[in-house]
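Just one chain follows, in the form predicted on its own, and it is written as structure tokens.
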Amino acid sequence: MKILVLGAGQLARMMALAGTPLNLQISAYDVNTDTVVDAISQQKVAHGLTAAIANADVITAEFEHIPLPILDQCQQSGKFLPGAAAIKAGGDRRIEKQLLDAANVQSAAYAIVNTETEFQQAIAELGLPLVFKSALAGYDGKGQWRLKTADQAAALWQDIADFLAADTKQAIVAEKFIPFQREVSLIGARDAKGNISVYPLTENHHVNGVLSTSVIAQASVELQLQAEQIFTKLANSLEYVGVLAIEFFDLKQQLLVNEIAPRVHNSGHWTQQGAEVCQFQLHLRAICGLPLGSTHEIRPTLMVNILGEDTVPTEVLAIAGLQLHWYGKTKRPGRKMGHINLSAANNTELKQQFNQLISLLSPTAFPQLDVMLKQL
């Protein structure tokens, strides 16, 4: 079966690696250059979307911010999963909020802001503190502003106004700041028959708005069930096919949806070594009409992102249970260059091995890993 992935980054690469054992042929479409490349080698294999669609049995996506004409053309082919509606919801916070409201799923109280009057109304109605997020193209902490006190409002509005003036398609979603206990995510898949399979909740730690580490969360049966019920509501409301990630704020055993990602997700990389079927193969199974397989945890596992670094000490490879995943990218500050998965027989061993890993990594290049260590 031939699969075309919209986007030619590391997620397409990992899909290709996971699909090879199932004899799935995966190519990636670079939306910026209108070229089709081998998802692993990045070698150009074709040019033009129309021919690529005709050559594919199934089309999917590795990211949300895809030009609408491309999404619409893929949707018209009848081959696109999870479909344009899901991708648009993941790429536009206004649509995402409408989807959550329609599915009766709780998220932070919000207001849409396009003008200074709406900005002031949001402050009056929602109260402070507030988080202002760009409706389009915001990720990894980008396109966000925080308003803590009223005396900061004028300066912050000027910054937002300049941002809106630079892009007439943009808008701002103002959200009530949520003093959450931790952030967790749930990753799972739904197939075309409505079958659903999900992984255990994952606990995430961020540094400067970018995911640093993820680990299978210590969560009650009730919290896991609550997350699964929300997942089912959203996946069914979209008639979703493929892997879907939902990020939650955990407010002392009460989950609020932060955002959704209609694709495989950074916080699910641990599944490569920690689950019977990893998220990349799970997605491929769902969109290709194959049995989903098991998402059960097989051993405690955590993931560490490698940001802006193209080397790590070779000594890390001597740590038991460690697997290193590079993405083949050119080094750039803050760029996701790869990740480390660390697995152990039990949580006590995992903590010991994580401590060993931390001792070998630069605290400048890998800040705040000790914070996650304390949470294990």
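So that there is no doubt, residue numbering starts at 1 and follows the sequence shown. Every value quoted in this text rests on a predicted model; they were computed, and no experiment measured them.
Omitted from view is the form predicted in complex with another copy of the chain, to which the following refers.
Residue Thr314 is the only one of Asn346, Asn32, Thr50, Thr314 with a heavy atom lying within 4.5 Å of another copy of the chain in the predicted complex. Think of it this way: in the predicted complex, another copy of the chain has a heavy atom of just one of Ser294, Ser77, Gln224, Gln144 within 4.5 Å, and the residue is Ser294. Contact annotation for Glu276: at least one heavy atom lies within 4.5 Å of another copy of the chain in the predicted complex. Using a 4.5 angstroms threshold between heavy atoms, Asn55 stays clear of another copy of the chain in the predicted complex. Put simply, Leu322 is close to another copy of the chain in the predicted complex: some heavy atom of it is within 4.5 Å. Proximity of Lys351 to another copy of the chain in the predicted complex falls outside the 4.5 Å heavy atom cutoff. Segments offered: 78-86, 258-266, 164-172, 279-287. Contacting another copy of the chain in the predicted complex at heavy atom distances within 4.5 Å is 279-287. Shown here without its partner, the chain carries Pro21, Lys44 and Trp326, all of which come within 4.5 Å of another copy of the chain in the predicted complex through at least one heavy atom.
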